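Below you will find one chain, with nothing else, as structure tokens; this is the form predicted alone, and questions on how it binds or moves follow later.
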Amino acid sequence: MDFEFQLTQSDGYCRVNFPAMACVCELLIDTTDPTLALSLGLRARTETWRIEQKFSRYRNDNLIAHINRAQGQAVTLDDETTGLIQFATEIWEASDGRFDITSGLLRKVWRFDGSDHLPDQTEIAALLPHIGWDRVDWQPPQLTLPAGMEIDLGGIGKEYAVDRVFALLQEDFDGALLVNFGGDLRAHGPRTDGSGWQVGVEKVAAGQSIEQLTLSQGALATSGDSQRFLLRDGVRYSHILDPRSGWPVADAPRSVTVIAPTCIQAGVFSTLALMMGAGAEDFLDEQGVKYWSVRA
């Protein structure tokens, strides 16, 4: 991405784009006032960059790096981080260990680049003793991570950022808006003309039609393997890994899109559905959420 910030006007609203979190972050603001849109956009970018800098696993100078280098020493966390860790703990418990923020170590042996390269079982087995939230001493707000283990909040970070930016913008603007970070989004409306925001469900398979939605309230998130997968001997391996075995989840849908009240809820439901494999749709039916599942 070779741009830092863009503001355009069309169809009675302002559009703001900026790069962050390995995607294009987009705001649709129901106003024709570019000065207002600029102010809101800059505030959104500042907050997004703050969250990315604080929680990204790709930095060696932030809080996550400090936790991962603590070598068995307790780290006292601030309120924001404590809340996220506690949320992740509750998801881990509810998913019987399928969602685990210590499973990022598996990226050392798995490279979902579309090739046919699978890691050796011995490589996976060497990592498993360092994965498992039950091995962590979590006494909020103190976190003690055993030496050799890591945490990675990437599974909820982007969705959390969408909800945070959405809340911040609503402090200064009571009109309709949409916050869209790479397809994970949250909307408020309707617009002044009575319409909602037009959004589309991601197309991941040949022959799949793109579902067009009108969204005025709520959030949408998609999880799938359209970009990150391996293909060997006719078998497609998704990047959704089961931390208990270290292997991709079998028989999962190609893609799951969920609508929920908040983006972080939509993201968790879509991710957990993929982790349920063949039981994805049954899981979503139990949650009572609107969803689209693609298995083609």
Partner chain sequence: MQLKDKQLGTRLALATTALLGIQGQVQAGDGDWLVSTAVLSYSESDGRVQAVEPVLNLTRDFGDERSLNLRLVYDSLTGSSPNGAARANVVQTFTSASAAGRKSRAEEEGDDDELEEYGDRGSYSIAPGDLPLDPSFQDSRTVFSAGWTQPLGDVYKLNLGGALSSEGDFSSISINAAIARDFNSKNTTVSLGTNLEFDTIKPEGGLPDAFSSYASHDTSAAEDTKQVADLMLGVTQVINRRWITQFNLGLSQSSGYQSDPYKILSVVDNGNLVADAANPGDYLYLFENRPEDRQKVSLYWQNKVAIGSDDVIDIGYRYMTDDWGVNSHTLDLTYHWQAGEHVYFEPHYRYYEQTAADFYKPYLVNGEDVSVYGLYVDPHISEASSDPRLAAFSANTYGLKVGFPMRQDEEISVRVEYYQQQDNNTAPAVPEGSDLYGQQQFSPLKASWVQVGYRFRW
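Residue numbers count along the first chain shown, from 1. On a predicted model such as this, the values are computed, not experimentally measured, just so you know.
Not on display, but discussed next: the form predicted together with the partner chain.
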Quiz prompt | Listed residue that, although the partner chain is not shown, lies within 4.5 Å of it in the predicted complex (heavy atoms), from 147, 125, 94, 74 | solution = 94
Quiz item: Which listed residue (259, 240, 37, 27) meets the criterion of a heavy atom within 4.5 Å of the partner chain in the predicted complex?
Solution: 259
Quiz item: Even though the partner chain is not shown here, does it sit in the predicted complex so that 83, 170 and 188 each have a heavy atom within 4.5 Å?
Solution: yes
Quiz item: Can you say which of 117-125, 176-184, 147-155, 96-104 gets within 4.5 Å of the partner chain in the predicted complex, counting heavy atoms only?
Solution: 96-104
Quiz item: Counting only non-hydrogen atoms and a 4.5 angstroms cut-off, does residue 21 reach the partner chain in the predicted complex?
Solution: no
Quiz item: Does residue 275 make contact with the partner chain in the predicted complex, using a 4.5 Å heavy atom cut-off?
Solution: yes
Exercise. Could you confirm whether residue 160 comes within 4.5 Å of the partner chain in the predicted complex, counting heavy atoms only?
Key: yes
Exercise. Classify residue 90 as contacting or not contacting the partner chain in the predicted complex by the rule of any non-hydrogen atom within 4.5 angstroms, answering yes or no.
Key: yes
